[in-house]
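Only one chain comes next, encoded as structure tokens, the form predicted on its own.
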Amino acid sequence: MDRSNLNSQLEHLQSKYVGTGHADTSKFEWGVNQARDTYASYIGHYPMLAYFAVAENESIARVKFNITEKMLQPCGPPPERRE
């Protein structure tokens, strides 16, 4: 009974949060989720943005824009699917 409850909770988490993955998650999808989560964290933490802006000698808005652009395809174009 505990096992079915655990599986039920895991399925609920996977449906609620995309980044938790599932059995069919590919290596590419996992990498994209991880990269997007990281970039979202950078944008959400102002001191981190300020640090990057100083390090790159850019404005904070420019750094935020560049990171947002990277979120479109953080790991490059998706690989071709084999079916």
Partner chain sequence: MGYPRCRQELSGLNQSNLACLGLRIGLSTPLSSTADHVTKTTTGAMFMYNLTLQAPNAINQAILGNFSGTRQQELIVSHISRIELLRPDTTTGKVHSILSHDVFGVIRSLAVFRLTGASKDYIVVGSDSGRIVILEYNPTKNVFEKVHQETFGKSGCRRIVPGQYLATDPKGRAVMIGSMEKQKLVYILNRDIAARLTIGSPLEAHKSHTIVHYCTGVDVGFENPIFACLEVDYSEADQDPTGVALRETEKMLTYYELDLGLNHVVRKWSEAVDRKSNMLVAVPGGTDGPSGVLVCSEDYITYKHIGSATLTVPIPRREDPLEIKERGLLIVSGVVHKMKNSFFLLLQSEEGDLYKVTIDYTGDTVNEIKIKYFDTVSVASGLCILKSGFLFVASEFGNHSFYQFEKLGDDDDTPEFSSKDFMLMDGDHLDRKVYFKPRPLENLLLVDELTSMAPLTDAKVLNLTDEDTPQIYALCGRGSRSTMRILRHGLEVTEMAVSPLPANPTAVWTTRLTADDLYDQYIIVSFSNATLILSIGETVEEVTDTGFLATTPTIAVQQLGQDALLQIYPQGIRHIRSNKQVTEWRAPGGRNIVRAATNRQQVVIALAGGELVYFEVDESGNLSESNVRREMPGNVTCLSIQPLPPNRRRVRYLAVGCDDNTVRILSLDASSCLEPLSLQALSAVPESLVMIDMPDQISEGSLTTLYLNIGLQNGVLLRTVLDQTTGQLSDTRTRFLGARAVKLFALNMAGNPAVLALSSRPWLSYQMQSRIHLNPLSYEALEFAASFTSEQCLEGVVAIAGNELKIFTIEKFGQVFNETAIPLTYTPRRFVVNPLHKSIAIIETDHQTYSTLEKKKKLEQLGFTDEENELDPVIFGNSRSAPGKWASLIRILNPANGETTFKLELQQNEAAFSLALLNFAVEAGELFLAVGTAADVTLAPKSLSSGFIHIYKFVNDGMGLELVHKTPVDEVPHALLHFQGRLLAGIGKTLRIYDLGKRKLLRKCENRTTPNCIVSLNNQGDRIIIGDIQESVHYASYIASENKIVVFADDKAPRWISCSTMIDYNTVAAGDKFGNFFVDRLPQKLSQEIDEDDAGSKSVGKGYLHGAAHKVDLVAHYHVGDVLTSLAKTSFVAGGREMILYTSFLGGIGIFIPFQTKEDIDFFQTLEMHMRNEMPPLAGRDHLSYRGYHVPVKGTVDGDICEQYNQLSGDKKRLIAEELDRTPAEIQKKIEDMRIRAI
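Positions refer to the first chain, counted from 1. Keep in mind that what you see is a predicted model, and the values were worked out from it rather than measured. For clarity, a rigid core is taken as the largest C-alpha set superposing within 1.5 Å between two forms.
Missing here is the form predicted together with the partner chain; even so, the following discussion is about that form.
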Open item on the list: Residue-level question: is Arg82 within 4.5 Å of the partner chain in the predicted complex, judged on heavy atoms?
Closed with: no
Task: Non-hydrogen atom contact Ser26 with the partner chain in the predicted complex at 4.5 angstroms - done: no
Open item on the list: Does any part of Gln9 reach within 4.5 Å of the partner chain in the predicted complex? Heavy atoms only, please.
Closed with: no
Task: Within 51-74, the residues that have a heavy atom no more than 4.5 Å from the partner chain in the predicted complex - done: Tyr51, Ala53, Val54, Ala55, Glu56, Asn57, Glu58, Ser59, Ile60, Ala61, Arg62, Lys64, Phe65, Thr68, Glu69, Met71, Leu72, Gln73
Task: Core-superposed C-alpha of His12 shifting 2 Å or more between this form and the one not shown - done: yes
